[in-house]
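Okay, here we've got a single chain as structure tokens, the form predicted on its own, with questions on binding and movement later.
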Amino acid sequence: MSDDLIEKGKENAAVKAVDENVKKGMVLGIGSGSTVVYAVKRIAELNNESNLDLKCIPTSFQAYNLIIDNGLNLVSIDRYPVIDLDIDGADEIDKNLNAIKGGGGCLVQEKIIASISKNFILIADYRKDSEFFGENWKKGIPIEIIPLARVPLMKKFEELGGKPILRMAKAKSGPLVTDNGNFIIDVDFGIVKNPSEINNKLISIPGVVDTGLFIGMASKAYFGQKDGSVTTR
């Protein structure tokens, strides 16, 4: 499967999600990741064509730049603490519309925005579609942590049956640092059939800020397929 076909599927999923859900006057949450780039481009097109008076709230520095670069109206959750629609990507989506997010390092801010949104929808390509977590996403569950707690938390995650790895930065020496000044540990639990249970165990550990498990938050997912078509769940 060529990269061009995969990208076309992602674009088609993003465009369909925007066309079916974005309405005039909405406050929008803008997610992070490669698929969201297509969504923001389409949002900007619709806004320019029809003067939709949209207000956009970013989930990350990337999303902030996407909003500015596409000429959209940037606002904050301080002024708009209730969001009409949040559109975001995912690293994996299971059969119950639960999602793993955080591969790009923005999970906490993404979850905050999703939690205050009336409608949270996911856009992805077919490779992110799984029955259970761990079938396609092999990098583990991203967990944002307080840096001070790194060593004891690694041991705690091992006690829960996970294989933890401190995520390292790509272009500098040392760990990746999130937009919140924290570290991320990716923990491989293998196939996860009860994500709610493992999520509750993880977030109860002092030093854990939040997990990349988005449980029971999404209302719909759009998947770009190999042939360019789009399926929904």
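Note that the structure is a prediction, hence the values are computed from the model and not measured. Residue numbers here begin at 1 and follow the sequence given.
The form predicted in complex with ribulose-5-phosphate (5RP) exists for this protein as well; it is not shown, and the discussion that follows is about that form.
**Student:** Within a 4.5 Å heavy atom cut-off, is G89 in contact with ribulose-5-phosphate (5RP) in the predicted bound form?
**Tutor:** Yes, G89 is a contact residue.
**Student:** Applying a 4.5 Å heavy atom distance criterion, does G33 contact ribulose-5-phosphate (5RP) in the predicted bound form?
**Tutor:** So G33 counts as contacting ribulose-5-phosphate (5RP).
**Student:** Would G140 sit within 4.5 Å of ribulose-5-phosphate (5RP) in the predicted bound form, counting heavy atoms only?
**Tutor:** Although ribulose-5-phosphate (5RP) is absent here, G140 would stay clear of it in the predicted bound form, with no heavy atoms inside 4.5 Å.
**Student:** Is there a heavy atom of K128 no more than 4.5 Å from a heavy atom of ribulose-5-phosphate (5RP) in the predicted bound form?
**Tutor:** Within the cut-off, so yes.
**Student:** Taking the partner as it appears in the predicted bound form, which of 103-111, 75-83, 158-166, 143-151 has residues with heavy atoms within 4.5 Å of ribulose-5-phosphate (5RP)?
**Tutor:** Among the listed stretches, the partner-contacting one is 103-111.
**Student:** What residues, if any, in 49-69 have a non-hydrogen atom within 4.5 angstroms of ribulose-5-phosphate (5RP) in the predicted bound form?
**Tutor:** Not one residue comes within 4.5 Å of the partner.
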